[in-house]
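The chain that follows stands alone, in the form predicted alone, written as structure tokens.
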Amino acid sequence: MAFKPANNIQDLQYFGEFGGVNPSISDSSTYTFLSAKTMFDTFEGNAEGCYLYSRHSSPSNLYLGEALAAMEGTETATVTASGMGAITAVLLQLCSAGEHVVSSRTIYGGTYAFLKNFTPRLGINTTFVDITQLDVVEAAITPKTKVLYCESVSNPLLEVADIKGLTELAKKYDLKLVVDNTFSPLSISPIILGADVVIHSLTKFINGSSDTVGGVVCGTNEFINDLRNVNNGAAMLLGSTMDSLRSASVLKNLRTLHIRMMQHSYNATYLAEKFENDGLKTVYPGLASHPSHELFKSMMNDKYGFGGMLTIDVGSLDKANALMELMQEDNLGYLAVSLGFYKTLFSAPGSSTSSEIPEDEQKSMGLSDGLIRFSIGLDADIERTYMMMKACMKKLNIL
């Protein structure tokens, strides 16, 4: 039977403390013990079902982690206070001083800055490559390499990683393949394709309401236990703990993710096809013109579509800014970073979410000044949205 991630979420059954259909929220930072020995055993990790302190774990965080692990098809998961809290903990858990990472060059600016500017202070260096060229990826691997890192669909250029091909390289060289799946929840299941660890920024599509920040690491019981280890676990010792109230909120929103992703994808496909037909330089994995269109199709779970992210290039930063300001004025969305909201969000990544990447490197990877990144919303009348966007473009002589 085909892997159906939304079914896995739906099939989880929780009963609240008093029989509620939502699990009770554990609004406590610390937990009591009936005996001192049980506290000792819990510190040693030998007291199943006992809670010690909410930085270690809490029932609310474990409920959310269980649901996200079910979605991604992993043994378990641990949630964090942000997507970067998940990314940094994973990379520092897997790499020590003197070791090496091979990473996609087109990744979220914060991840790029962490690998480019911060980890070298700890003796961990990174080679950034075109992740779509497997021969280039393999050539960058050294005896010190420990991790291959990529995004399923890259931020902001929407390059698509060949996860099966990267898995083969990871196995050949005994590396861990870590995949950030933030742009394509449900659509792509990296673990099923062979990845070792999957990361999400829960802030984006999974939560979907732009009211909280969070992250998750999905993986094996062994790896997640390592992250939580009180003596040397990066997630534990760096302290990026998600609040229980936020965990409960994200869990509720997660249950509608499949419906939202289908609408995000439907709307993005409609706009991308229209924009391309209008002669705009449009990038969207659902377009036959996308260089990895067939690759995405070969990896995707049916019906969730190609995601809600697309880009257009209007030629210059001035034009991009003018268009975004006009679209916001006409109530077509918000000039804002992030993604996955019910309203469309748009930004010029070269001067926002990818600003950590030096200008010369932006140019080499094809990130132009006129690029606008769209997170397409849940508009009920996407034809009307298109007509209004087109009017804005005509007003500015973009079309």
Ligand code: PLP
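Note that residue numbering follows the sequence shown and begins at 1. Nothing here was measured: the structure is a model prediction, and the numbers come from that model.
Here the subject shifts to the form predicted in complex with pyridoxal-5'-phosphate, a form of this protein not shown in this document.
- Within this chain, residue 204 lines the site of pyridoxal-5'-phosphate in the model of the complex, having a heavy atom no more than 4.5 Å away.
- For residue 182, a non-hydrogen atom is located within 4.5 Å of pyridoxal-5'-phosphate in the model of the complex, even though that partner is not displayed.
- Mapping the unseen interface onto this chain, residue 306 falls outside it, with no heavy atom inside 4.5 Å of pyridoxal-5'-phosphate in the model of the complex.
- Although the partner is absent here, residue 214 is a contact residue: one of its heavy atoms lies within 4.5 angstroms of pyridoxal-5'-phosphate in the model of the complex.
- Contact with pyridoxal-5'-phosphate in the model of the complex, defined as a heavy atom within 4.5 Å, holds for exactly one of 82, 76, 88, 263, namely 82.
- Figure note: of the listed segments 287 to 295, 182 to 190, 89 to 97, 229 to 237, the one touching pyridoxal-5'-phosphate in the model of the complex, with heavy atoms no more than 4.5 Å away, is 182 to 190.
- Taking pyridoxal-5'-phosphate as it sits in the model of the complex, the stretch 106 to 130 comes within 4.5 angstroms of it through a non-hydrogen atom at just one residue, 108.
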